[in-house]
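This document starts with one chain, in the form predicted on its own, laid out as structure tokens.
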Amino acid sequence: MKINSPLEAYKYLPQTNCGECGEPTCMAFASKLIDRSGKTSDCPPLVKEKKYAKKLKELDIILAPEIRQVTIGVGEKAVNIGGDDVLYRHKLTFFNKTKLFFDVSDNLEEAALIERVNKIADFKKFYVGRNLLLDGVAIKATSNDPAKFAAAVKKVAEIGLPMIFCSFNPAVLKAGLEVAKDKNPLLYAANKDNWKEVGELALEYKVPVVVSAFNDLDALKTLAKTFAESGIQDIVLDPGTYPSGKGLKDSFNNFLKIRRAGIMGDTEIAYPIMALPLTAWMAGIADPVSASYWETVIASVFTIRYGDIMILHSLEPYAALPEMHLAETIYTDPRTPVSVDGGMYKVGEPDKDSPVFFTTNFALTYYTVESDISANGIVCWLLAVDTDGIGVEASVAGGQLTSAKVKDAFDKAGFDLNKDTNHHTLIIPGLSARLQGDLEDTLGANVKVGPMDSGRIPGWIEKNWPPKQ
């Protein structure tokens, strides 16, 4: 039975408070196990000493997520899907954000195939301090020719991204597995007609597999149960993704039913769910832009409601970027504000005459300010004050941003406004104007109130910099 209390996990630990896990007490480590920021393998005595072997095994079972976690691919680019414990993010968090795989067809000319796969691999968007990337390639056996499919798989495998093999023909899937048996691809898919042959492939090559039954949850559950009983553990569910009308409504409801049943303890259907937004291209929409738009709409619907992995088609930025941003947003951990490390950062190559700004370490605030400054060619110093990842206005109101905090940030950065600049001046955000007097007293320097919006910094600098002596 799943446990949700640190006290329950504590019962299975050595209770020696040895500190080898990096925590001062076993209770603190138990808390990390419950919120999944720690693993049982982080406790050396629990893993190494034989007398704890039984407790370790039991603890791993009761800590396992309600929805099985499945890994696709190998190495650094391997992706995990599933692994969730809750229906609603505010109750804990969602784990393993929705993975976006984009299709290629095996009947493309070699140059076109390589070009599209490279486009998938190179697609990225800088967002709040990191690059958002696409997750993998779904290779469609459009030709239904084992030799042609194997050739396409071989070319795609060279890029190194995780792969999904898409065919209902077991012979085609086997041909792909023969040339990529060590890449841990996901097989799509086993259905009521080919389940035996595809199941045998999953067992033989030890790869994850999708079981598919369109709009038939009883059949889907039967397939999943049959595969599990045969020894296949890494299963993904495909209940069908209809692109419009009543079919789309049924698909949405099916996703809800599956995930609710899995979270509530029905282990026979507690697996990751696959959505297929690329069915938008089968909805009779003639205009490619409209089809791309509708694909994005479908992807958005199933990102919000439990789609763990998706196969899509359009690589146009206006289609792919909203999908990437939504997945990143929905799967942000609400327990931890997105933040950057506090400290002094350089924008360009500043010197003693360059302006000095500060903002908070809330990532969205910091990168917005940094982007507005650097995009306009302003060379400066930018101090990120640690406010526990809270924005300027809220942290001033809540007491996380004070003159003492700003001085402490300067001290930790080893930066003295009176020694390291010729102008002895700090420019503060307009939303923290109330701190001006306190900052002048605390820092012993000039403090000028900047604009309310960082987008107005260039105009402000033009009028107010350098400061008048």
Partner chain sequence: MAKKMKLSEITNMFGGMNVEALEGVTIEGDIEIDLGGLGGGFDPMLAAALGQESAVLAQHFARLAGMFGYPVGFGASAAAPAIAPALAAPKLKDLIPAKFDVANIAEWTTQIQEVPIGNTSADGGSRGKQVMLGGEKALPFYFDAPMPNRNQVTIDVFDMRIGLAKAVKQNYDEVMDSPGEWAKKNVEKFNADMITIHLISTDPLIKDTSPKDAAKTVEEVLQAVDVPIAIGGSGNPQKDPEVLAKAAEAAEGERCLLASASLNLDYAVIAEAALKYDHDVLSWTQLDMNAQKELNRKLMKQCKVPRDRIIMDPTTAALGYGLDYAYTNMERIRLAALMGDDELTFPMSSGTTNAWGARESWMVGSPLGQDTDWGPREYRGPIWEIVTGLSLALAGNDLFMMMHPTSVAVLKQITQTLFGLVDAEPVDIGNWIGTEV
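Numbering follows the first chain given and starts at 1. What you see is a predicted model; the values in this text were computed from it and never measured.
There is another form of this protein, the form predicted together with the partner chain, and it is not shown here; the text below is about that form.
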Check: Given that the partner chain is left out here, which of V340, V137, I235, I269 has a heavy atom within 4.5 Å of it in the predicted bound form?
Finding: I269
Check: 75-83, 360-368, 155-163, 344-352: which one contacts the partner chain in the predicted bound form at 4.5 Å, heavy atom to heavy atom?
Finding: 360-368
Next item on the list: Please run the contact check for L203 against the partner chain in the predicted bound form: heavy atoms, 4.5 angstroms, yes or no?
Entry: yes
Notebook entry, point to check: Using heavy atoms and a 4.5 Å limit, would one call F102 a contact residue for the partner chain in the predicted bound form?
Noted result: no
Check: Would D218 show up as a contact with the partner chain in the predicted bound form if we use heavy atoms at 4.5 Å?
Finding: yes
Margin query: in the predicted bound form, does A283 come within 4.5 Å of the partner chain, counting heavy atoms only?
Written below: yes
Notebook entry, point to check: With the partner left out here, if you bring back the partner chain in the predicted bound form, are I3, I67 and T71 all within 4.5 Å of it by some heavy atom?
Noted result: no
Next item on the list: Scan 7-37 and note down the residues that get a heavy atom within 4.5 Å of the partner chain in the predicted bound form; none is a fine answer too.
Entry: none
